[in-house]
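As structure tokens, one chain now follows by itself in the form predicted alone.
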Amino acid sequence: MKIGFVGSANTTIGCRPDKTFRLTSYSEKRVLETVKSNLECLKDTITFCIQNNLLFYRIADFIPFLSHKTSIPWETIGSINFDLFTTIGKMIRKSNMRIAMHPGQYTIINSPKEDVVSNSFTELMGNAWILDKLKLDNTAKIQIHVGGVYEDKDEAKNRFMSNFEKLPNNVKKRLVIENDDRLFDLRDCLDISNQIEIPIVFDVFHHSLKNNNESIIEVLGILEDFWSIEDGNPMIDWSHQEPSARIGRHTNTIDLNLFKAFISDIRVNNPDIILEIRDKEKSALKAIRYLQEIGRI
């Protein structure tokens, strides 16, 4: 079992690995400066994670306008930052750390609009290029939601599967889908996975909001079959509701009692867990200390 967090370490590291700027301020010079700064911060963040045994980490977007038509060629970015890519990749591989990426809400490969699908393909290829540039194996995953329903869920599923097959192989080998809290629940994801053999990231919080009464143990027992040795351990996103906030808002900080109950439920399984919690590394450090105390890490 590995555990970690998403993006920037809010208070521990004095930088952000996902800085960007407005398109109106775009210039090649500014893009390259921002990428270099973000990569240097990513290196510091990876160092912090390794030092604290947080060996699962979701990389935030560190290349501004990665899929935009004005984007600098990725190989140019890779060449200019060759040493940083090489160093970060070696750190990740040497520590046996696991990496994930999660493109934003506009990456929708089941959209009926061709331009949205085309832009989504470019975004996914850019994410795969980053993971390939770091020389990470296929346990480093790119997770996305199935997308929109567009008034016909079955057709939306079919469109996702059809477009999935059109993706380059290096993207398909890394792509995983995640159940959401409004449109495509675990049962929908299973329907897709059974047909195109794509692994499912189990989002526990989303499942608590939209489900078919499946227990966590039942879910993990089913999902294990979709994760091959090449894919790595099943991936889980874990969070819970922020008290006194709108339904669906991720918590600001971890409730350790809820986390302990969750870990007890999965005592016979060995997933890798990303905490989607707003105070990020603070909660991850609390969780890792508990897992070390009970001998799960």
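Nothing here was measured: the structure is a model prediction, and the numbers come from that model. Throughout, we count residues from 1 along the sequence that is shown.
The following text describes the form predicted together with the DNA, which does not appear among the structures shown.
Although the partner is absent here, T20 sits close enough that one of its heavy atoms falls within 4.5 Å of the DNA in the model of the complex. Interface membership of V146, defined by any non-hydrogen atom within 4.5 Å of the DNA in the model of the complex, is ruled out. Taking the partner from elsewhere, Q105 is found to have a heavy atom lying within 4.5 Å of the DNA in the model of the complex.
Interface residue remark: L183 is counted as part of the site for the DNA in the model of the complex, having a heavy atom within 4.5 Å. Not one of R187, K282 and A284 places a heavy atom within 4.5 Å of the DNA in the model of the complex. Exactly one of the stretches 146-154, 129-137, 195-203, 165-173 approaches the DNA in the model of the complex with heavy atoms within 4.5 Å, and it is 146-154.
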